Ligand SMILES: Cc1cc2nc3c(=O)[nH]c(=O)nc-3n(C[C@H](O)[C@H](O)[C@H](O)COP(=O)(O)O)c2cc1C
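Okay, so here's just one chain, in structure tokens, the form predicted alone.
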């Protein structure tokens, strides 16, 4: 059982990464082998519109043909039994790195056909983890629906876990943060974020169980 976990945050030890690591622990405790990636460590580009993934008879048909550090990650997803993708939400969207990954993953799986529109034959369960500074649930409803719908179309059945009202700084006094109730934010981090980490752990275990049941 192989699971791919991708942290799409530029911060490798902060909220999104902690959620992804907790999910990793859940996967491993359920018996899975996990490959974990921090996208910020990789040197890659967004879709280059080379259309190698669409060339009939080409060696890259149905796979992204652009070669860089993202190539083994994309290939790993197509060969894995499950995927967990984490991202903070910036200005109502996932990070630019995650957008680039999704462009190349989804576009390579899209067929310009009058019949079936998806190239990928295998279906694997997908779990999305979003963290955000804003406190409101469903504040990014369009983003959530778009990511879930696209993952379900090209990769497999998808589920989203959100952690909201997260801490941005370890010391708020060093930054202009007068719009925040820092005491409330610290209290939430101490009381609610551990519950979110447990949910991420459970999400990882559930992913392995769903992959095994296929």
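This one's a predicted model, so the numbers in the text were calculated from it and none came from an experiment. Residue numbers count along the first chain shown, from 1.
Heads up, the form predicted in complex with the named molecule isn't pictured, but that's what we're talking about next.
| field | Contact segment among 69-77, 113-121, 85-93, 98-106, judged by heavy atoms lying within 4.5 Å of the named molecule in the predicted bound form | value | Heavy-atom contact with the partner occurs in 85-93.
Requested in this report: Using the partner position in the predicted bound form, report whether residue 126 sits within 4.5 Å of the named molecule, counting heavy atoms only.
Outcome: Residue 126: no contact with the named molecule in the predicted bound form.
Considering non-hydrogen atoms and a 4.5 Å limit, does the named molecule approach residue 49 in the predicted bound form? No - in the predicted bound form, heavy atoms of residue 49 and the named molecule never come within 4.5 Å of each other.
- Could you tell me if residue 168 has a non-hydrogen atom within 4.5 Å of the named molecule in the predicted bound form? Judged by the heavy-atom cut-off of 4.5 Å, residue 168 is in contact with the named molecule in the predicted bound form.
Whether residue 14 contacts the named molecule in the predicted bound form should be assessed with a 4.5 Å heavy atom distance threshold; does it?
Heavy-atom contact with the named molecule at 4.5 Å: present for residue 14.
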